[in-house]
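Before any questions on binding or motion, here is one chain by itself as structure tokens, the form predicted alone.
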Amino acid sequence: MSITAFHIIDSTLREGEQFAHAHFTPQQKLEIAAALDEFGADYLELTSPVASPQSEADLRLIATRPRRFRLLTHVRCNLDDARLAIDTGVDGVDVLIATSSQLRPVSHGLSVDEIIATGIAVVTEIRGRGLQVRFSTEDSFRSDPDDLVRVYRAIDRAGVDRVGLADTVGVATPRQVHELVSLVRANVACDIEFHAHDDTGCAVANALAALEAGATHIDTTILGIGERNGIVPLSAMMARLLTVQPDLVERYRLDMLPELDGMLAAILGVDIPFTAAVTAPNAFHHKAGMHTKAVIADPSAYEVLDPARFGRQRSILTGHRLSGRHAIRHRATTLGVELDDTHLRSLTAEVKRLGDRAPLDNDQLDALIRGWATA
């Protein structure tokens, strides 16, 4: 199924604040917001003004700044929270309420009918003030689907802009996401937002499944930070969609993804994960001889993503025991050294012999190549 709509709701300054190592200063929040604005994020979601006095002040501060993104905040589904959020100058309010049997007793204790009545009152209040509103069910994938349909249909009739499905504990599979989003899509006319936690490693796959089933908005954070081990990483979502339907990401500054991940990693004092899509230090490094031979001849042989789209460059790792003669010839050629086949094979054998002890860095390898050429 072709994806018909895709919008980023970046939640680095809301969900991301729930990451264990996050404590953003007002200046850091301004820097993150400015960078995401330049990247082209459609929406930014900030922490509820109810959370703390500084959270409210930061929200009001960003609301006063020129921006292209729409500013949202995330609050509990009650009128007091909603009214304070409206007063901060945001463009929209994201409200949530637990609907699963596990969360309802320990969260609010409301029945499904009471959830519907409360949701309609809050949505009506926010819409009446001219703001966008999203109504999300927390722990959607451990909730009764019949309850969800009842709630969403009532909220849709109340004029909500988006309903949200949240895989709050990361329990859903892509198939389950597709089935539930499809069910909701068949019962509402409004947009659908999807929020995926990565507890079981399925966040990006689940987000894609949601889009394929009719979701229109995906929650992301830079580096995927968030509660526990986080949600959908922005860079990974962009990489996934670029391989599936490139037109969906053409409007975003993909070349800024390494900058965004690097900036946040520095703020948090963490490394970019070595598994991070497109922004990991080794994301476009090639090492094994069979791989390097093919990539030298045609990069697309082992690259589904062009590193240049992300402001990156590929590299061929050569000074190690897995290296092949094609990689060594390529390195020699970049140095202006031409080797006949006999010398090349001998040099390759020497690199492998030395590489069995320890990898050679570029300076050691280049010295070896130059020495072999003059031997």
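Here the structure is a predicted model, which means the values were calculated and not measured. Numbers follow the displayed sequence, beginning with 1.
The same protein also has a form predicted in complex with ligand HCA, omitted here; what follows describes it.
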Exercise for the section: Scan Arg162, His178, His74, His291 and let me know which has any heavy atom within 4.5 Å of ligand HCA in the predicted complex. Expected result: His74
Practice task
Name the residue from Val249, Val204, Cys190, Ala166 that puts a heavy atom within 4.5 Å of ligand HCA in the predicted complex.
Solution key: Ala166
Problem - Option from 252-260, 236-244, 132-140, 206-214 whose residues, in the predicted complex, bring a heavy atom within 4.5 Å of ligand HCA - result: 132-140
Practice task
Check whether Asp10 has any heavy atom within 4.5 Å of a heavy atom of ligand HCA in the predicted complex, and answer yes or no.
Solution key: no
Practice task
Decide whether Leu268 counts as a contact residue for ligand HCA in the predicted complex under a heavy atom distance cut-off of 4.5 Å.
Solution key: no
Practice task
Could you confirm whether Gln18 comes within 4.5 Å of ligand HCA in the predicted complex, counting heavy atoms only?
Solution key: yes
Exercise for the section: Answer yes if any heavy atom of Leu305 is within 4.5 Å of a heavy atom of ligand HCA in the predicted complex; otherwise answer no. Expected result: no
Problem - Contacts with ligand HCA in the predicted complex, stretch 193-221 (heavy atom within 4.5 Å) - result: His195, His197, Asp219
